[in-house]
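Presented below, as structure tokens, is a lone chain in the form predicted on its own.
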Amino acid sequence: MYSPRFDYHRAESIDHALRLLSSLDGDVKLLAGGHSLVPALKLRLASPSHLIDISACSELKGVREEDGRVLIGAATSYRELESDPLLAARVPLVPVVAGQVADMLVRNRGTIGGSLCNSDPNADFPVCVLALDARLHVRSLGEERAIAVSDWFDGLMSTALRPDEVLESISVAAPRQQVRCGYVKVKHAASRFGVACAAANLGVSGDGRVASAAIALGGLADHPVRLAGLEASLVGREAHDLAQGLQIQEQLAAAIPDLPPPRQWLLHVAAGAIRKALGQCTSAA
């Protein structure tokens, strides 16, 4: 199927993209890797008047550490995330998740920023950045702001990003403790897209006990959710014995009380994904 007609603009820098955003009338979309937007265009789920291609904006790419935080450019591809040595050493959950995104073709072109702006609740990176307590750094012509990931998601496939803003980077606090992480995605048998995904990111103290825990889950609500009760029950446990005795499915039902009866089976699926993600943390001991 062909996409609807639109005017194409290629931005050479973030400032150029912001000037285009402020000057163009009608529905304007930003294009980076295109692996969310292009299918939406072909299915006529999106019909923008203008597309601004930001894939040539070098400021939006790469990974670096600065002022105690690891910064990831929004247009950094999944493949680059998967193989980045700084991320592997400091924020290992990111390359673990990137390695499970679709196939190599998608990972070569798709970007972390594209996934977060699309905000599909079943996608990989919304869950990942929620488990990392990330900040999302956005710019407009007159303002820069950092948005806590807990304030980023605004319902189904909707975010706090304003029409005149560009997502510039994502930052994560560099850990002070040993980190163990796990990520499990349960895929639909036909589409291979995730029906439930769970990310675990644990800080482990010198005595081998969990000092901090973050568990995020996608696929059961209109945006990914953190499981505060489960996280609290993990703190203080020995890292080699994480899931033993946990009532995960019961805690899920309490955290997502409005899941309709036809979708209750997802509680069992999600509980299994969380248990396996914790198992990956244990096996990393």
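Numbers for residues come from their place in the sequence shown, where the first is 1. Because the structure is a prediction, the values reported are computed rather than measured.
One more form of this protein, predicted together with a small molecule, exists but is not displayed; see below.
A residue is said to contact a partner when one of its heavy atoms sits within 4.5 Å of a partner heavy atom; residue 96 fails this definition for the small molecule in the predicted bound form, lying far away.
The closest non-hydrogen atom of residue 69 lies beyond 4.5 Å of the small molecule in the predicted bound form.
Mapping the unseen interface onto this chain, residue 111 counts among the residues with a heavy atom inside 4.5 Å of the small molecule in the predicted bound form. Residue contact with the small molecule in the predicted bound form: residue 201 places no heavy atom within 4.5 Å of it. With the partner left out here, the small molecule still marks one of 61 to 69, 23 to 31, 251 to 259, 225 to 233 in the predicted bound form; by a 4.5 Å heavy atom cut-off that stretch is 23 to 31. Of the candidates 136, 117, 129, 213, 117 is the one whose heavy atoms come within 4.5 Å of the small molecule in the predicted bound form; the others do not.
Checked against the small molecule in the predicted bound form, the residues 196, 166, 81, 91 give one hit for a heavy atom within 4.5 Å, which is 166. By the 4.5 Å heavy atom rule, the three marked residues 36, 74 and 101 all count as contacting the small molecule in the predicted bound form.
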